[in-house]
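Shown here is one chain on its own, the form predicted alone, set out as structure tokens.
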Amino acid sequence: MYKNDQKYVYIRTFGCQMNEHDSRKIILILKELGFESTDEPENAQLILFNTCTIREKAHHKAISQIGRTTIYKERDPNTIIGVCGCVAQQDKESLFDKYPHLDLVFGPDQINKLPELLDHAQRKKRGLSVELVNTPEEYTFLDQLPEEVAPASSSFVSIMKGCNCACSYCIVPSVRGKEVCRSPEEIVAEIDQLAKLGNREAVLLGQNVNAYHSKRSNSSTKDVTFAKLIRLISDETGIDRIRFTSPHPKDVGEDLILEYGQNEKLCPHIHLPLQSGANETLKRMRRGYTRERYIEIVRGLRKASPDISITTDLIVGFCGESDADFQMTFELMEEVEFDSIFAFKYSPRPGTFAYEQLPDDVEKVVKEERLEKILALQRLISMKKNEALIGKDVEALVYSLDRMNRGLLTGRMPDNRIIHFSGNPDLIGDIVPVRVTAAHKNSLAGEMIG
């Protein structure tokens, strides 16, 4: 039931966990301004699209949704419509030319300006704020205060923003700016607050999360590296589980590998983007590591934590990728046996080195054939690995009811696998013992023990 005197915001989020995190921060800001969330845009006085541009498909999907919002403006001219996120940062004021009904355009570094921009829009003035902030002194991390956060089983916690890498295919540094690290004190304080509210798991976020480095303001000790930050969180907060996304292979050090073997709170899972198994392709991608180094990291992780699950990202059909290059990726997949993958056909992104300097010379049909080949291989590997877990007892953090409305609970195992089982909804937010009883392609089935 909607109240006539209540203001509502509808926000549609595209893309990565960082965008999901940003959307939650936006909602917290808007709650301070008297807004409540709604899933129905026709009931909203404010409509926002938090966009992604890392792949062509995500960009086009967001743009098509923005174009359809003219109906809400026609119904009520006072409806405020805005675009934020990476498309806003990339396209800037040109979005106003393309979509005259827009009122707001602001980038990821300008979320804290939303109240000011909204005030402009309410006075029929367009709001534009797309400056990148690349220094710790000027950047504002929007932390969550205890009174603002509802209890949840798991929460995203931003530890840094931006990326200093120069991957030739990637638009992220252009739209997210340079790396800025949050202070260890702020991170530890937020996670400790979340734990006191009943959160069991913290997911550390950053574009290149393991490049984190900072200093404790009250200490003359050396820089706090990413591995040291994980140890601080483990030692100084009541959180039960620590995860992170997404690291870069070039920044995986021995200290992080050892932490997997020594820290029980650090979940035995790492999402380690490979992108290609061919050294020549990795060189053209400007990834900063070789096939051999990646395999060395994997071996080190599995030595430190034998049950660790390793997942990855892969791009097929990148500029100049030959049949032999692709075969090297295929063979590396067979050797490493990833637990799961996210795989994509290469799509050129304007503003990147590859778009400007490298020919997109792999035919579309070849890209599609290569994508299907690695997906078929991964289906076999994932099923084999899931079947090997049948009969195993695990600890599952209960996230929610299952999406298929089968009356089951959905839990996440320490290795990041999803498991469904029967149980009381009151268990949401708890960590419970579960025995794996069946394996599926993308999840497991189980039954609670006791």
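Numbering starts at 1 and follows the sequence shown. Note that this is a predicted model, so its numbers are computed, not measured.
If you look for the form predicted together with 5'-deoxyadenosine, you will not find it shown, but the lines that follow are about it.
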Verify the contact flag for residue 420: yes if a non-hydrogen atom of it lies within 4.5 Å of a non-hydrogen atom of 5'-deoxyadenosine in the predicted complex, no if not.
-> no
Verify the contact flag for residue 305: yes if a non-hydrogen atom of it lies within 4.5 Å of a non-hydrogen atom of 5'-deoxyadenosine in the predicted complex, no if not.
-> no
Can residue 275 be called a contact residue for 5'-deoxyadenosine in the predicted complex at 4.5 Å between heavy atoms?
-> yes
With the cut-off set at 4.5 Å between non-hydrogen atoms, does residue 54 touch 5'-deoxyadenosine in the predicted complex?
-> yes
Do all of 49, 96 and 101 end up near 5'-deoxyadenosine in the predicted complex, with near meaning a heavy atom within 4.5 Å?
-> no
In the predicted complex, the residue from 294, 346, 212, 326 with a non-hydrogen atom within 4.5 Å of 5'-deoxyadenosine is 346
Could you check which residue among 181, 315, 229, 266 gets a heavy atom within 4.5 Å of 5'-deoxyadenosine in the predicted complex?
-> 315
Stretch from 237-245, 346-354, 191-199, 115-123 whose residues place a heavy atom within 4.5 Å of 5'-deoxyadenosine in the predicted complex | 346-354
Any residue of 168-199 with a heavy atom within 4.5 Å of 5'-deoxyadenosine in the predicted complex counts; write them all down in order.
-> 169, 170
